[in-house]
Structure formats: structure tokens, C-alpha cells
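Only one chain is given next, in C-alpha cells, and it is the form predicted alone.
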Amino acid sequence: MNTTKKTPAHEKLSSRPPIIVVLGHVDHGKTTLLDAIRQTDVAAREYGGITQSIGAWQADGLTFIDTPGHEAFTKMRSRGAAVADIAILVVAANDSVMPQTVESIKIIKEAKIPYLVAINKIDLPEANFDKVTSDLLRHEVMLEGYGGDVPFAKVSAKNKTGIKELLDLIKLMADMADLKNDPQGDLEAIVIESELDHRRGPLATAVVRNGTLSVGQEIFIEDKKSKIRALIDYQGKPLDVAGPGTPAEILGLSVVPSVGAALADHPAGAKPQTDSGQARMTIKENSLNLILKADTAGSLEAIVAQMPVNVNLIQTSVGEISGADVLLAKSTKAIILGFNIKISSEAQKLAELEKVLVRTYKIIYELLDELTDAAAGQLAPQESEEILGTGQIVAEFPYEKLRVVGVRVSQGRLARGDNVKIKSQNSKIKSLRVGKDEVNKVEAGKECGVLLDPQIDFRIGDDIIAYNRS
């Protein structure tokens, strides 16, 4: 007779860290708030001051998902809410409720998760708490003490005030939710970002909700088997295992997964989806042909969702622009646009030879604006431009009343007299200096000071392109 006593299923459950999504309008301080919580400085490193990819971090025993505020990232925001247990709605006290605030409220309510409001920037003289309260009320968000039951905290992410009170509220809500998991149970993890790294191959950032990820484990994602080669935590350190509530970057995947895809430890747990790593589409007549490249699948999806109707998407994929992309563009009479990626030296030379228009961007709304112009035919005359060299702006130096551009030349060369372009602005190189020496030309791999005439606006991190218009 077997007298072994089975452990009831509920006894195997244990508490897990809550997963918190941060939502709100662009520039209302979501990432700065997370910086204050985790004592880092992510916001200062973002191009254009906006978050353009989704990320996850852990701080003070909590797991946070940061989501982009720009309207192009609607799907990424809703995806973050879908994986989260608790939401923080960030509202700037000076701006009050704005378009993405309204959209975030809708996302939170559709996800049916508990939430609280962080009223940020209370340090500003134009902060107006009463206006925020009344504006939220118009969208059926009633704060505690003001006729409703939605918790809130007044914070200044910049000055790091009100952060402890905010964290106490989150922990109280997590205790009330009584979040449980089974570390030994079936794997349940959601991809919140993915990309194709030219050295490490397909990568994905996932948040574990149940079960455990471990190095050497076989997993199924989008019905394809992979074996985990390595796990990296939010600080870039290697992990042996990632338990419930833990975000981790996964190396060793066989494909670039779709953002939002489920990871499972058996085939039935992953539903087949379209591979967002690469997609080809049928060529239509009378429209702009486009090849789109981006750093991550989430960015790619956001851009595609905002495209003008008369854009014919020939191919989308993640990773740097390659010679194969240029050849495809040549054969389909397409232009190539890239977001937050580089163009290989081989592809650059081939594009110049084949006269294929290639442009890269670091800020999504600049890409979308120029894509709209291209669809309207306003970029067509520039297809005859020959790219002579490219570089990245790494510094700025004052010279009398002028601004000297500190440039690291990445491809080709920059020369005195070249026409140059920074974003959509045009100028000409008046003089070049390497150290204290005036020079006529600077080759790839070297740094120089560039004086432009006329002076145009620029920021550190912008690309500078030297071209010859034939």
C-alpha cells in the first residue's frame, strides 16, 4: 500500500515580486521616476528625451516595466500592461491630462489591473494639483479623498521627493493582490522586447510570471525550440536562473520572437505567430516602395502602425542595413529607412554605387515625419545624392559666438567644402581641425572639429552626413 502523502498544489505556491508597468504621456517623467527609484540615469541617455524601447528593471523588491510615451508606441504600452500586476499612471502636475494619459487610462482599464496615480513635477511653480484632480475626474479616475478609491502620491522625480510614499503604496497594493506562483510549475514568460544582435544573434527580454528560466533549458517560443545559452539581468550581469517576477535577457534563441510572444517549456504552450524578425509584402503599383530596418521588433511594429497608406512595404527586419537590403532596394526601386541602427560599410559603398537612398534615424517621430514627406514625393529629388562620408556628433565646442561640432567619422570621409546634413538641415563644412591643426580632409576612424556655415542646430548623438548632389 502506497502511503506517500502528496503535497497539495496550493502548498507549492510562493509569493513573487509584483510586476509594475509605468504609463503616461510623453515627457511626463516616467523614466525619470524610475531613475529616482533605482538611482540610475537612463533618461539622460535617451535620444530626444523620450523612451523608445520597452525595458524592465528590479528595484526595492519590485519589478518595473518602463513603456514609451510617444503615440507610435501604443501597442508596446498595451503589451506592458498585459504582463503587469499593477500600473502606475504618471501625470505631470504642470501639464495635467494629455492625449497619451487618456490612452493609458483606457489601456489600464482594459487590462483590468489595479493602479495608482503618481502626480509628478510637483516642484514646478506652474504645478496645479486641483486641475489634475478635475481633469482625471472627467476621465472617470477618482482619487482617494476626492470621491474615489484610486491611490495617489505627489512626487518630484527630479528632486526625489515622495518616492518612499509611492513605493509604500505599491507594496501595500501588492500585499492586497496576494501574488502567488509556482517556481517548479509550467513556464509562463512574456517577451517584452526582441532584437537581432550582429554578434550574439536573436535576443529577447522576457518577464517570468510563473515557473523558472535556467541556462541550458530548452524552451519553445512561437512554436520553435531554442536552448538558453545565457541569461542576463537588468544590470548586465549573468544569471543562472530567472524565477517568477524576474526580467531577463535571453541568449540562444533560434529566431527573433514577436514582442508579446509567450515562452513555454513545451510546444503546446506557444502559439504560432508571424515572425516579426522579417516580413516581405507584395509590391503594389503607384506608391512609395520602402524597406524598413529597426533595432528591435517592438520599434518595427510601432513604425509600421503609423505608416502613410500609400507606402508599399517591401520588407521589414531587425538588424543593421546590409548589402542584401541595398540590392533588394535597387531591384524594387525602393528607399531604405533605418531606425536606431547602423549601415554596414559594404552596404554604404553599394548604396552609393547603385544610387539607392538610405537614411537612418535615432528619433522615431523624425523618421515618421520624413516618411510622410517621402510618400508625398518630397524626398524623391534626393535619390541622386552621393554619400561621401558619415559621422556621429560626440561633442560641442564654443568658438567666439559660434558652435563647433565635435565629430567622430564612422564611414568615408569629411572634407572642407562638403555639403552636409544633420537631421533634415543642410549646411556646408567651412573648416576642419584635428587638434590645433587645420586640415582639408578627415578619414573614417578619426575625430575632428567641424565649423559649419551656415550654423544649424544639432545635438550630441546626431548623425552628420556629407554628400554630393549630382
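Owing to the predicted nature of the structure, the values given are computational and were not obtained by experimental measurement. The numbering used is simple: start at 1 and walk along the sequence shown.
One more form of this protein should be noted, the form predicted in complex with guanosine-5'-diphosphate (GDP), which is absent from this view; the next part is about it.
The chain is drawn here without guanosine-5'-diphosphate (GDP); in the predicted complex, the stretch among 351 to 359, 164 to 172, 331 to 339, 122 to 130 whose residues come within 4.5 Å of it by any heavy atom is 122 to 130.
Within this chain, Val26 lines the site of guanosine-5'-diphosphate (GDP) in the predicted complex, having a heavy atom no more than 4.5 Å away.
When guanosine-5'-diphosphate (GDP) is considered in the predicted complex, Thr32 lines it closely, a heavy atom lying within 4.5 Å. Among residues of the shown chain, Ala157 is one whose heavy atoms approach guanosine-5'-diphosphate (GDP) to within 4.5 Å in the predicted complex. Residues of 308 to 347 include none with a non-hydrogen atom no more than 4.5 angstroms from guanosine-5'-diphosphate (GDP) in the predicted complex.
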